[in-house]
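Single chain ahead, written as structure tokens, the form predicted alone.
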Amino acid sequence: MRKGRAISTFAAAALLSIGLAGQASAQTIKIGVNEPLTGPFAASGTYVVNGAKIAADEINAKGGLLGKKVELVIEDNKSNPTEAAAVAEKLITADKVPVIMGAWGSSLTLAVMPKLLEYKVPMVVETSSSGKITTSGNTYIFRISPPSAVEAAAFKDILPKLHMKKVDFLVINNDWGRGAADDFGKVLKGEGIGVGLVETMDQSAQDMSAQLSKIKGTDSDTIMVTTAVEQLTLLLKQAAALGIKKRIVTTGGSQNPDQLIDQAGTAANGTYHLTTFAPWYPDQTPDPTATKYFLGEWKKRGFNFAGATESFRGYDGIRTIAKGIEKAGKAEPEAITKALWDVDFTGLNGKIKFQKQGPAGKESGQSMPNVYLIQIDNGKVILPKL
């Protein structure tokens, strides 16, 4: 008899616990965050997540959304496409998030996209640049970072001042890198600039000397590189060790120039980088007040300034989602998907307002941010006068 009573008491306690958990959950609005926190892209993913936390804290300090606190449900996709898809499914089915931000790399985001279609849940893409993301007919994709084609188009206006004659590419061997080589290659050829070698490197590779030696022997004057900051640091050191004097230009906005200065040292001098945020010159950003607030919070939390060039993506991504939820009036996937088309505000890297891209009737949303060309000169980041 006592044993039965104990079981009943335990069951009642368990039900009470579940009820309280559900009640607590009902008091928050969940936003899923699918980012690489381990693996080759871990530094970048961590920057993005820390930026997202600043946005969530700011929103909550101002009263939250629809009378509720924002709760970020953060999961590690381990820099792996299979994991990214599994994380998306968990966030949607187990955590019941109505919207996601993710998933940093293009291959990671592309792997997540079928899950968004299956469960009809929107995702704000904060970093990925492959053209496939917004042209494959996924109506639940809303991207605030520039695809390679947009970045290449912005670069076109700079080309005459760089006096390039022939370019070789060295890119990470995934959708991001190959897509960048293709999109930039088209622009270069259209401007009468020669395109030579297109060399690739695996995302986990630490020795790029074979590819660099091959490029060193060509008649190109420029090397365009697409990869994350960890691999780029090694690449720049190896290029310097090989005595390569060609101009190096990186794409994708994921280079963290200050981190390169710190970790690559003099090997980073003279390199150029396309980026979508200029925290070194806050008064020249689209919203100086917001930029200064964000940078102030970043510093207050003890984070290295180097991460600002990527962390802002998480900050703007969560702010974009919050605007969508506000306009939707409820935290439901269908309502948020519809409302994201009406979002219109100034992010840290320009206006965030979605344009339609992709097949008619199945368009994804694409915002068009600013693109800057910066240079590392004697250990400092400058906006070069070209």
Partner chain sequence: MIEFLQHVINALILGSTYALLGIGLTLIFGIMRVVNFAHGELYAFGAYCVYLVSVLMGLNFFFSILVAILAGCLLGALIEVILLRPMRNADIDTTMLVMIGAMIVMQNGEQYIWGGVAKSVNTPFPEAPFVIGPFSVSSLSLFVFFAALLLIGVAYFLINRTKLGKAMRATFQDRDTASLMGINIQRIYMATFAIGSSLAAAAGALLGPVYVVSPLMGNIASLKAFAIVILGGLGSIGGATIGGFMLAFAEEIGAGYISSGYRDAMGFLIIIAVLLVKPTGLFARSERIG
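All values reported here derive from a predicted model rather than from experimental measurement. Numbering follows the first chain given and starts at 1.
A second form of this protein, the form predicted in complex with its partner chain, is not displayed here; the remarks below concern that form.
J.: Among the candidate stretches 342 to 350, 35 to 43, 356 to 364, 59 to 67, which one is within 4.5 Å of its partner chain in the predicted bound form when only heavy atoms are counted?
T.: That would be stretch 35 to 43.
J.: Though only this chain appears here, would A240 touch its partner chain in the predicted bound form if you measure heavy atom gaps against 4.5 Å?
T.: A240: yes, in contact with its partner chain in the predicted bound form.
J.: Consider M208 of the chain shown here, and say whether it contacts its partner chain in the predicted bound form, taking contact as heavy atoms within 4.5 Å.
T.: So M208 counts as contacting its partner chain.
J.: Taking heavy atoms only, is A278 within 4.5 angstroms of its partner chain in the predicted bound form?
T.: Heavy-atom contact with its partner chain at 4.5 Å: absent for A278.
J.: Even though its partner chain is not shown here, does T222 get within 4.5 Å of it in the predicted bound form, heavy atoms only?
T.: No - in the predicted bound form, heavy atoms of T222 and its partner chain never come within 4.5 Å of each other.
J.: Between V187, V195, L234, V150, only one gets a heavy atom within 4.5 angstroms of its partner chain in the predicted bound form; which residue is that?
T.: Answer to the contact question: L234.
J.: Find the only residue in E71, E297, E199, D183 having a heavy atom within 4.5 Å of its partner chain in the predicted bound form.
T.: Of E71, E297, E199, D183, the residue with a heavy atom within 4.5 Å of its partner chain in the predicted bound form is E199.
J.: Heavy atom within 4.5 Å of its partner chain in the predicted bound form: which residues of 79 to 103 qualify?
T.: Sequence-ordered list is empty.
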